[in-house]
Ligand SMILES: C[S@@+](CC[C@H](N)C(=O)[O-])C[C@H]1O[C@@H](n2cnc3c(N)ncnc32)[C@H](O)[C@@H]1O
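First, one chain by itself in structure tokens, the form predicted on its own.
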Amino acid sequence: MSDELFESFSGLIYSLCGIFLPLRKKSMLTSRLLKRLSALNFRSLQEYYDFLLSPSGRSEEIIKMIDLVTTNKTDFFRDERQFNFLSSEVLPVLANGKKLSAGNRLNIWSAGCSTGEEPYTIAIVLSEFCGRNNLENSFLITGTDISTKVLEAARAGVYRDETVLTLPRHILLKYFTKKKISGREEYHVSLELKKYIKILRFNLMENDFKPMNNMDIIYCRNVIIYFDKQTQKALFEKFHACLKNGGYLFIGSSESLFNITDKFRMIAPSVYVKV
């Protein structure tokens, strides 16, 4: 791939999903796109790029290309400190304010939910908190991602043993069902937990965030590291508008809102509240 063609692909990807790819990512992008060349019997990356700009390419292939270039790394209880803070500090405040009660549904958004481990983890934390405090499970967690491939996995809620065996045994027994499929052990998220999860495709570059309004908590962790500063600023303006007053924002442990926005106040490492 020439530098010029890389810039064309990079510009297209940026316009579609806000991911900024510097020139040093050329080898990575090339290796991933070659998979589609093989599948579609194209002779060159230029031919593939031209196809992406065609009407049929935009309607059928763009999403598959985005699936290839997005990075999806996640785990159950990734950065456990944040989930401990959610359980010990955030949820008691929301419960005392009657925001977590039979008459008030708590709305949580997992933006960039990947294969579902994050929204299911949030649901487990909430269910455990409600159980300890004799509260009804009055919450809905909306998990979104731009990649259709990972969303299929999130909706299925089926995980291999190496993915879930780091979970405490009582959590595993309570919220998962072990099955053996074609000689391979799988763990299926319980239907009881799934009913609190809604999985949708949503592009964070959309102008219309109204479907995500009235959120009490937003998780957007390890996502903005792929965006440039301008895109980050625009995104957090939208998150601010989506959150209720006093709503909470969780970002990745390596991320910061410093020099991006002053509309959130940090209350713990990587945890902010809307001001």
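Quick caveat: nothing in here was measured; it's all calculated off a predicted structure. Note that residue numbering begins at 1 and tracks the sequence as displayed.
The same protein also exists as the form predicted together with this ligand; that form is not shown, yet it is the one meant from here on.
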In the predicted bound form, which of the stretches 107-115, 189-197, 154-162, 126-134 has residues with heavy atoms within 4.5 Å of this ligand? 107-115
Determine whether any heavy atom of Ser147 comes within 4.5 Å of a heavy atom of this ligand in the predicted bound form, and answer yes or no. yes
So, Arg81 and this ligand: in the predicted bound form, are they within 4.5 Å at any heavy atom pair? no
Thr70 near this ligand in the predicted bound form, any heavy atom under 4.5 Å? yes
Using a 4.5 Å heavy atom cut-off, state whether Tyr175 contacts this ligand in the predicted bound form. no
If we test each of Leu94, Leu86, Ile141, Leu204 for a heavy atom within 4.5 Å of this ligand in the predicted bound form, the one that passes is Leu204
Heavy atom distance at most 4.5 Å to this ligand in the predicted bound form, all of Cys17, Val223 and Phe227: yes
Enumerate the residues of 34-55 that have a non-hydrogen atom within 4.5 Å of this ligand in the predicted bound form, in sequence order, or give none. none
